[in-house]
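Just the one chain here, the form predicted on its own, laid out as structure tokens.
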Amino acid sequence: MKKVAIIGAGLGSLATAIRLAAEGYKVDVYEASDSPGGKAGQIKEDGFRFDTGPSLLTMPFVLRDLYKAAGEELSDHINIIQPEIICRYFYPDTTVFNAYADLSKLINEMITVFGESGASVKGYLGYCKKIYDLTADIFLFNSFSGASSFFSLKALKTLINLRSIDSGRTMHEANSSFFKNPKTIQLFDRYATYNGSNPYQAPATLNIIQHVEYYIGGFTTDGGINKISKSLFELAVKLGVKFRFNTPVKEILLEGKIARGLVLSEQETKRYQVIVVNADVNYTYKKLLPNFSSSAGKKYATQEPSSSALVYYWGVKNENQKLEAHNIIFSANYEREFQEIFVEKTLPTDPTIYIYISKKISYLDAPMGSENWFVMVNSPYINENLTEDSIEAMKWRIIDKINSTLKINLGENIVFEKRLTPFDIEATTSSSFGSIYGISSNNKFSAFKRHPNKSKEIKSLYFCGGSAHPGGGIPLVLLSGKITAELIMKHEK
């Protein structure tokens, strides 16, 4: 029986561990913090509960497939809920748009609010679906490791239809070609932020994200997204996976170019046949493989990091009827906002604000008559322009903008506060520069530059999680665990 060590207990780790344990592997997981879930953690204080990171579940069939691999049914463990309104959008001119989960209602809302034609909206969503159909099998569901990845009929179809994946235009250019109303374009440009990128630079291939959210659907769970972390942890334990929390790994033990164990302290070393890393790729090469000169690590370190985030967790008195579970308050100049974040590398002057209130769905997440507000703005990755003063100033810009949009006095109603800065993200998750998704996708070759799930330089070393293939976000991280487990079963018999 192969002994496998996994570094980190994030969703990618849990997915890998469950699949391997279900196939008879002996799996030990080492986590530096005191709980599983990684970025998909939670805060519970003063009667309020907050998801700390991800807030929306897409592609739920990926999660369902993971439970089936362990001989279980997802519905026996997690209650998945699809809100009637996936997200409510507020524009500076007081326009309010509801992104309905029902496709016919969504299209009608675009006709009514934005003045778009039904044919344009349907044509656009069909375009997004085509990109998904052509790229998902290669770039999402399977190992992507160079030329060999294209030796299949599906891959050949993608190559033949290369122009149809629209990698030659930016997301903004493509969206502008379908719609005339700037509000519609801004709505669809927003999806670049789902992997920490800039819609004015990222390839239009990323418009697959809209298909995922609107055709496949946007969901949440009763008990919040952290319920997924808890449930997967319990399933892993049931399958015999061993967890050691509060146990940071100091170094990956190498014998030549073979991964052979973990150094936990000067007094403790554990030997394994396989090592899986669910930590930031840059951190792994710098800190966990300090004596190994990796060409892959050096190449990855030159890639542009994704954006980061500034998050406030506010316990708020009263319940706001204008807000849904998921809300966006848009900036007046979207292009300027991304110029500041990605080019000037400063916090935006006029930020787009995301407000997530899980209490709207999970009624126990806040005391009666109160709400739990997860309030986030996009931030540049850590650089010299990001200071404590700029972060504090941003807090008051956020509050002023929310007050102006909703006609409330938020400040006097905040009874609980915690925050998460890019510096906190780097410190607690080892994400280099506080970037949330590893590298950005701001050029058409980004998909080829993500770190592979199997090391080409070190035998028996594997990678999963948001900074490895296929990328960040709940479904992709779970898929990274699936791909990694399959590679281990193939190569580590």
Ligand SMILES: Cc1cc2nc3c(=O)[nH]c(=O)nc-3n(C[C@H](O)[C@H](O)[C@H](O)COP(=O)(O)OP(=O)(O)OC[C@H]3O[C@@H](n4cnc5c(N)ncnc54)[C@H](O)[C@@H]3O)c2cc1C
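Note that the structure is predicted; figures quoted are calculated from it, not measured. In case it trips you up, residue 1 is the first one in the sequence shown, and so on.
There is another form of this protein, the form predicted in complex with the named molecule, and it is not shown here; the text below is about that form.
Note on contacts: among Tyr283, Tyr200, Tyr214, Tyr127, the single residue with a heavy atom within 4.5 Å of the named molecule in the model of the complex is Tyr283.
At a distance threshold of 4.5 angstroms between non-hydrogen atoms, Leu479 is out of contact with the named molecule in the model of the complex. Put simply, Tyr462 is far from the named molecule in the model of the complex: not one heavy atom of it is within 4.5 Å.
Proximity of Gln42 to the named molecule in the model of the complex falls outside the 4.5 Å heavy atom cutoff. Within 4.5 Å of some heavy atom of the named molecule in the model of the complex lies at least one heavy atom of Thr428. For the named molecule in the model of the complex, the listed stretch (81 to 89, 306 to 314, 265 to 273, 379 to 387) containing residues with heavy atoms inside 4.5 Å is 306 to 314. At a distance of at most 4.5 angstroms from the named molecule in the model of the complex, none of the three residues Pro348, Ile353 and Ile439 contributes a non-hydrogen atom. Applying a 4.5 Å heavy atom cutoff to the named molecule in the model of the complex picks out Ile7, Gly8, Ala9, Gly10, Leu11, Gly12, Ser13, Tyr30, Glu31, Ala32, Ser33 from 1 to 35, in order along the sequence.
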